[in-house]
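This document starts with one chain, in the form predicted alone, laid out as structure tokens.
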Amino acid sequence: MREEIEIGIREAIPTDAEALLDCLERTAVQTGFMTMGEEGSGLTVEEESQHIANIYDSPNNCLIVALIEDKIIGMATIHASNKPKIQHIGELGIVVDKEYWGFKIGTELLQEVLDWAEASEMINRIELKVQKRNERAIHLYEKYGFELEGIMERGVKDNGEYLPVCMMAKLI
């Protein structure tokens, strides 16, 4: 059994920009599961700060962070369009620093964004894409009611290999 750790979970604020970018840069190279790699986000701290401010002020977008003290160790996002015909659809993304896998941080982040979506009164469909080989993530999503809607063959290319990606969704 792993030792217990104490984490905080909250909505991101603009002053989190640098810590958030640090987390993204770390996690981007820990596994082949993310779409971002060594190239990084390409954003400055100022650009990320403005991006977070825009999310914070949006009725159908959210960014939740998991922290140990001031270090961001994971995040979950719901990204939705401002176009009226599709503003009810949010795309889910979750990432947790590999050092903290096994502590149920992904589960806590997922529950937090689902609670946010249910309270939003705007989001009523959440979609995600997850590599078929990421069995732990797929199991978590299924546990929370996400259903497989299709497989995108050659959905991602990692180290020269084309891999299938599962398209999943949950209705709120």
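Quick note: we count residues from 1 along the sequence shown, nothing fancier. Just so it is clear, the structure is predicted and the values come from calculations on it, not from any experiment.
In what follows, reference is made to the form predicted together with a small molecule, a form of this protein that is not presented.
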| query | finding |
| --- | --- |
| Proximity of residue 55 to the small molecule in the predicted bound form, heavy atoms at 4.5 Å | no |
| is_contact(residue 126, the small molecule) in the predicted bound form, heavy atom dist at most 4.5 Å | no |
| Residue 104 within 4.5 Å of the small molecule in the predicted bound form, heavy atoms | yes |
| 4.5 angstroms heavy atom contact with the small molecule in the predicted bound form for residue 72 | no |
| Contact residue in the predicted bound form, from 45, 137, 122, 68 (heavy atom within 4.5 Å of the small molecule) | 137 |
